[in-house]
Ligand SMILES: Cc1cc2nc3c(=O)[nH]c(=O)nc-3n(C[C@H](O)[C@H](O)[C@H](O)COP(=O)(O)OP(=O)(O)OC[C@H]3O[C@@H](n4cnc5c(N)ncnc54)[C@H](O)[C@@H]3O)c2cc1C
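Taking the form predicted alone, here's one chain by itself in structure tokens.
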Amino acid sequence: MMLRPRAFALEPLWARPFSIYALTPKTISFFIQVAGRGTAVLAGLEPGAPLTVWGPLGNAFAVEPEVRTLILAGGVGIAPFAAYAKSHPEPSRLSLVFGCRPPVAAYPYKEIAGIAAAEHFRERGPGDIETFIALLGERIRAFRDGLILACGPQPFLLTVKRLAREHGARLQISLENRMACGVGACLGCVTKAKVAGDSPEQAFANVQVCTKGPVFWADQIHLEGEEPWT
């Protein structure tokens, strides 16, 4: 969903993209972490403040009820999984590994932990990164015959994608690219993805994350900072 409060005026100019955190017949909820001017304004809105919203946009994570599914979330990347877990036909097949830097109480972790098997890891110092990566590798290896879903910051996704490739696991990732229009017109959120060509092989090209994603099969995209394709 794209959110733009009237309080933005002309500065900041562009709307901000957010995953739907919760949805009822009367309300839509979003999980917002203040990271800059736009999110600071959104977090400070008073009840009743005018807000322009458009969406839902793009696609969603796969739901395979009969398949064991591992959710990997980093920081605010946990936001889309609250509704996913609550609506999943077989929540007993879901497992969550959540990593964060602030206290876990700042996130909707308990909501998912009350539905699915869940564990969390808090990064407190430089040495914790390697411990967390080792944990991710163990869990991904255990789910290499299942489905893995991931959302989080770019370094987190790069690591998860590398580990999934090493263990031959099926992985979908949701990109947190910056977006401005949300409808594919501004080309501000593009990523490299495989597109069908004239040859039997597929080539990579720029595609809009807001309309072609934000969820992609990991083997169909190339992340910034990733090793060159082979």
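In this text, all values refer to a predicted model and were calculated from it rather than measured experimentally. Counting begins at 1, following the sequence as shown.
The same protein also has a form predicted in complex with this ligand, omitted here; what follows describes it.
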Would residue 44 show up as a contact with this ligand in the predicted complex if we use heavy atoms at 4.5 Å?
no
Quick one: does residue 18 come within 4.5 Å of this ligand in the predicted complex, counting heavy atoms only?
yes
Would you please decide whether residue 167 lies within 4.5 angstroms of this ligand in the predicted complex, comparing each non-hydrogen atom pair?
no
Are any of the heavy atoms in residue 51 no more than 4.5 Å from a heavy atom of this ligand in the predicted complex?
no
Options 94 to 102, 134 to 142, 75 to 83, 121 to 129; stretch whose heavy atom lies within 4.5 Å of this ligand in the predicted complex
75 to 83
At a 4.5 angstroms cut-off on non-hydrogen atoms, which residues of 6 to 37 are near this ligand in the predicted complex? List them in order.
16, 17, 18, 19, 31, 32, 33, 35, 36, 37
